[in-house]
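Coming up is one lone chain in structure tokens, specifically the form predicted alone.
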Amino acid sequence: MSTAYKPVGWNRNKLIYDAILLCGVVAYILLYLKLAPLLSSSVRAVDTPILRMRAFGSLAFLLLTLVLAIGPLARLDSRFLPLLYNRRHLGVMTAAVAFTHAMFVLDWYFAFSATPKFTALFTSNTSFGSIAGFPFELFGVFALVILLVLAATSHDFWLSFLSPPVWKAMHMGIYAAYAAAVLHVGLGAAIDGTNPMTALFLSASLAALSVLHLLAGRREMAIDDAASRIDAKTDWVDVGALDAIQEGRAIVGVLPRGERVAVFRFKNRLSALSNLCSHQNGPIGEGKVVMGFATCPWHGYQYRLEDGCAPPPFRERVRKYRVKISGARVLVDPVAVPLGTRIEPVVIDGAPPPASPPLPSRRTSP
């Protein structure tokens, strides 16, 4: 959470994650350099510097595919949440690998150019009217610029400075980077025309991402459809059955304007908060109560159940809603109270005492 900013806020989990990531990058490059010539005669015919730049280029595309796959995977299966928690580190690594690929390209193809390298890159091929000879390098440059900008602004300082909505909209540019990378790789492979593995690699990436995003979108639509019924007597939103809420967890309803609300059960009391974390719009309702705080599953941001405020010295706040029990159903007032308003949790009459969950050894907030 954000009371102070450090260049890199490493903890033990992030160190392990980054170490595994770095080892994976090194292993991929070494395997590519050793195995690719053995698997393809066309690859054996290329020079070592070209093989090296292809190794980094293919790795950058693979990492970019993983970056885009983690979001829907985490929505479909919570076991992928640790990957989402550290996704910004993966994005920075992707930008670094793509930049290395670009530097190898410049040093090999334009090292002896009569004009400066960057000038030669943009002027050496102007076949814009031909698909077969189209300057596919420009799509690669476009994708690289986006990746570098996103990596440079990935820190929480920029998220706070730009505001979460602007930062989120800007970082959706990752999809534009992916589209440009697809064109860069596809057109480059079409011009080369000697390695069918590139086309298979590209097709598999597109198919996997399309399927994952469709499945995740279908799941979200099903949740909205099942949790947006309006109670005819009160005009409050019926978010679900009381016994569907596990101790320390939440159920999620959908308000008439589309915003989701999470109703948490903690010590047999109910509290309703906006489902959108003020950090990166993470789904708070898919998290759990940790040490008395509703905790976002994406990056561990925490909020008090009574007023939706982060505990001091943190300053984040989320919307708070009134909640009540009607028979066996849980109803939420669709109108939020002013930010920071304290509402005492609703006591569940006659409920057995909750089992004591094991307490974590320390807070999960970053």
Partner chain sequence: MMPRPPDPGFFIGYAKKVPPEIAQCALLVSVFFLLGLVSASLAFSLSAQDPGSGGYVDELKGGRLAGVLETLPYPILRVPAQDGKGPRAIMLSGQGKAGVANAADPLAGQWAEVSGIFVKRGELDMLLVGGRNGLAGVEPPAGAVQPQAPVALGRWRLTGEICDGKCYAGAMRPGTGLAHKACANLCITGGVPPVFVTTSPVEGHNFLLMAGADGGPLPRALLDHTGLLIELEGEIEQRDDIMIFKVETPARPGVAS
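These figures come from a predicted structure and were not determined experimentally. Rigid core (definition): largest C-alpha set, two forms, superposition within 1.5 Å. Positions refer to the first chain, counted from 1.
One more form of this protein, predicted in complex with the partner chain, exists but is not displayed; see below.
At the 4.5 Å threshold, heavy atoms of Ala132 reach the partner chain in the model of the complex. Within this chain, Thr100 is remote from the site of the partner chain in the model of the complex, having no heavy atom within 4.5 Å. The partner chain in the model of the complex comes within 4.5 Å of a heavy atom belonging to Val25. Although the partner is absent here, Ser58 is a contact residue: one of its heavy atoms lies within 4.5 angstroms of the partner chain in the model of the complex. With respect to the partner chain in the model of the complex, the three residues Arg79, Tyr85 and Thr198 uniformly fall within 4.5 angstroms at the level of their nearest heavy atom.
Contact with the partner chain in the model of the complex, judged as any non-hydrogen atom within 4.5 angstroms, is confined among 163-171, 228-236, 265-273, 212-220 to 212-220. Residue in contact with the partner chain in the model of the complex (any heavy atom within 4.5 Å), chosen from Ala250, Cys296, Ala143, Ala95: Cys296.
For the stretch 103-117, the set of residues having any non-hydrogen atom within 4.5 angstroms of the partner chain in the model of the complex comprises Trp108, Tyr109, Phe110, Ala111, Phe112, Ser113, Thr115, in sequence order. Core-aligned CA deviation for Ala328 between this form and the one not shown: less than 2 Å.
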